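Okay, so here's just one chain, in structure tokens, the form predicted alone.
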Amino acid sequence: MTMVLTHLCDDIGTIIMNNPERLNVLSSKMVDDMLQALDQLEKGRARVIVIRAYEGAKVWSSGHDINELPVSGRDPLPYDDPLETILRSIQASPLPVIAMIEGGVWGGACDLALSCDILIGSPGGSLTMTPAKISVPYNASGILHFIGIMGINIAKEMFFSAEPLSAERAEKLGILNHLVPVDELEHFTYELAGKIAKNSPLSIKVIKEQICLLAGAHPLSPHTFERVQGLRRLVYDSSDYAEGINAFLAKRAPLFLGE
């Protein structure tokens, strides 16, 4: 099965995550296919890109492939992790990227959706940050990303509770640009994409990069950076981290001891 489908029509490129058996998990293979699709569309005639799941998906993406996380003693989300690579590639893309979200968005897939420039969802969908369920220390760039988009308190609630944030609430908080009925989602998304495609691509490219640079203009001191890395190391060197991964793979509830 092809995990990623790509097509181009009327200057609108589409990347479709197409792995229903594994709920569009962001495995290294899925991410590699998405990176190739993104590169292909950027080098083609596309002026805007839509990232979506296969039609009728109940889960937009289930996030990072837990099977690919190290069991212990290594950073689970290093700079060159496939998930981190696709996030940076979307953020740095010269083209505007729209996330057309149908169904649930879990874990690292939330970061993928939030890396897109515009998010359009439908009622019944949700965003759930799951690292605390398996004792994964999320990385600093990801946490800053969440804080910048939804503010400190909502980011804390999502990470601490690991409970779904409904699409309805996400729209009220400004996380979703639009919330439309599921039977209108595709038409609405591509209508907006069509409007964007008619505008100046050079202007949009420059404005997008300016927004990214200005939004990320929050330098960390060397001391703060080292402290953050040390805090994360406490988790991925812990017995709780190994327990979280092993429990997930064994399909049982984890028993966390806080050590």
Ligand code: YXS
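Everything numeric in this text was worked out from a predicted model, so none of it was measured. Numbers for residues come from their place in the sequence shown, where the first is 1.
Not pictured, yet referred to below: the form predicted together with this ligand.
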property	result
Sole residue of Pro96, Gly125, Pro131, Pro82 within 4.5 Å of this ligand in the predicted bound form, by heavy atom	Pro131
Heavy atom within 4.5 Å of this ligand in the predicted bound form - the one residue of Gln36, Thr224, Ser200, Asn67 that qualifies	Asn67
Contact flag, Val235 vs this ligand in the predicted bound form, heavy atom cut 4.5 Å	no
Non-hydrogen atom contact Gly108 with this ligand in the predicted bound form at 4.5 angstroms	yes
Interface membership of Val25, this ligand in the predicted bound form, 4.5 Å heavy atom rule	yes
Ala113 within 4.5 Å of this ligand in the predicted bound form, heavy atoms	no
Heavy atom contact within 4.5 Å of this ligand in the predicted bound form, the stretch among 45 to 53, 59 to 67, 187 to 195, 204 to 212	59 to 67
